[in-house]
Every structure is written in structure tokens, then in C-alpha cells.
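Presented below, as C-alpha cells, is a lone chain in the form predicted on its own.
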């Protein structure tokens, strides 16, 4: 196949601003190339160049989770999002399929106007009335072209049609299994209010177990408030790390804490943790509830319950770290992800032929 991947317009690939979308696109692109497909990626200027990337200039798109549900759709002057899709329009006849990784209204709206079919991978749960409406419209008009990560995520859109669930996958060779942990916990993700970092910090303070924090600071005032509210918590911020550096810290941790306050579509950090043999303690909200095997590869606790986190931390000796790695190997390898993507792509092309 001749594939065109269109990245998120909220930040360059490799910047961390796009959150899990960046890792999802990168892993899928690498696997499609490995399988012999032709591939080009459209991404913002400044993106990592270890993929065949066309870098597009323009002003970044506002982040969806910073908007209110009833807010109108907006784009900045010299919109990067519009520029990316204008380039896609120009080269569409050179492609068999365009794959949209952006959680934005414009690509869905443009779908009927393109000659080349467009596949949409929805990266988040329902956040905007306008986006919900256009997603439902495209699902009705172009069945099977819209995919979600998990059923829990898809359910937030109240879509009546049968949906495609792709889950996710990672290159397991990049994550080293560690059978013995240090006395530390880990937290990974964008540092912004919907990720609930303060709950992990509170649990760290109560248990007096050091917490290693890794990820892009997206909201500086939010991060500063956490530091002010928990001045004595044994936390250490390590920054936004490469996969190699991240897994070096993660694999030595007793557990990963997943403290999201919104419906996570999936949770790439969960499968990164499992790949290292590290159990996951997660709120039972959104996609993570479909990944973590309660009592086997981690614990699911009541959402927003710091006491629940503390109780789960006390039970970590019950988890076999080999079981965590096995779950990653059997369900979340990049090869398994490639199989799901290919099946979806071929199904779309078959319907359009």
C-alpha cells in the first residue's frame, strides 16, 4: 500500500506535546515500513526525521483538552492544521490511503471532499460537541473508516454502529525486563490537570516511597501548584525522556501509577510499564480498565481515591513481574499492532474498490 500518515498539529513529532499520539504514529509507521509498504508522514516543522517526514510550517493548533465542550471550532492564523491537510489534498492521488492521527474537526469535515479514502484513528474520548457530531457523521457516511483504541473510549461518543478497536503496541525490544525493583514508584505522562499527577504525589508522600516523574510539562502553573501543595513529598522530576532513558528508570520501579481524571482512550504508558515487568496501579476509568488485569498485572482502584492507591501499593508483592511482561508480549507487541492496522486498512480499501 501507498500510505500517507497525517500527524497531530499540536506539536512536532518527538516534542512530547502530542502525548501518546506521537508514539502511536511512530510505532505504526515503523511497522508499516518494515512490512514493505510505502509511507510518508506529514508533520509539523521540527519533527523527528528518522521517518520519511514532510515538515509543514504554520501555527500550532490549540490542544483539545484545554477547550470547553461547547466551544466553537477555531484555528489560528496561518493554521498548521489547514496547511497539513492542504498538502495532503495536493498529493492524494499518489496514495492508496490517508491516515489521520489528529483529534481535530477539520480532517473529518474534509473527508467527503477527498478522492483518496481517509482513515481516522480517534485518540481521545468525547470532549467537544462539535467534534462528536462530525465523528458520528463520518461513521454513518463512511462505515469502518473510523477506529478507536478501546471500547470504553468509543462508548463516550454514543456511536450506534459497530466500531473498530485497534488497541496499541510497542517495540518490545526497546524495553528491558527487570525482575527486581528499587524502592521507587513511577509516573509518566503530560503534566496537565486531566492527568491527576497530584494524586500520585499524595500517595508517594503518604507511603514515603520516592516517585519518579517523567513527561512534558504542559501546564506550568499546575506543576508549580503541585510543588507548593506537597513541599515534603519525595518526588523527582526527570523531564521528558527518550524511550531508552525512560525505560531505564521505569524498569527499576515497584509500580507505575496511572491517576487520570478523564477518560483515557488507552494509556501507552501502561504497556510500556508492563513491557518492563512493572505492575500498573490505575484508576478504573477509561481504557486502562481494559488493559490492567486486576490482581495479576496490577490493580484497578476507585477513581480519584488516594487511599485506594495507597492500599494497592501495599499489595504490590502479590504481583509476579513475569506475568506483566507476558501480557505485553502476547497482546501489545508492535507486530500485533501491525496486524490490526493492516486488517483495518485493507478493509477500508476493499469497501472503496
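Numbering follows the first chain given and starts at 1. Computed from a predicted model, the values in this text were never measured in an experiment.
Form predicted together with a small molecule: not shown, discussed below.
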**Request:** Find out whether any non-hydrogen atom of residue 25 is located within 4.5 angstroms of the small molecule in the predicted complex, and reply yes or no.
**Result:** no
Can you tell me if residue 241 lies within 4.5 angstroms of the small molecule in the predicted complex, counting non-hydrogen atoms only? yes
- Determine whether any heavy atom of residue 196 comes within 4.5 Å of a heavy atom of the small molecule in the predicted complex, and answer yes or no. no
Original post:
Hey, in the predicted complex, is residue 107 touching the small molecule, heavy atoms inside 4.5 Å?
Top reply: no
Do all of 19, 262 and 267 end up near the small molecule in the predicted complex, with near meaning a heavy atom within 4.5 Å? yes
If we test each of 127, 214, 135, 202 for a heavy atom within 4.5 Å of the small molecule in the predicted complex, the one that passes is 214
The listed residue (139, 172, 246, 226) that reaches within 4.5 Å of the small molecule in the predicted complex by any heavy atom is 246
Only one of 67-75, 91-99, 277-285, 188-196 has residues with a heavy atom within 4.5 Å of the small molecule in the predicted complex, and that stretch is 188-196
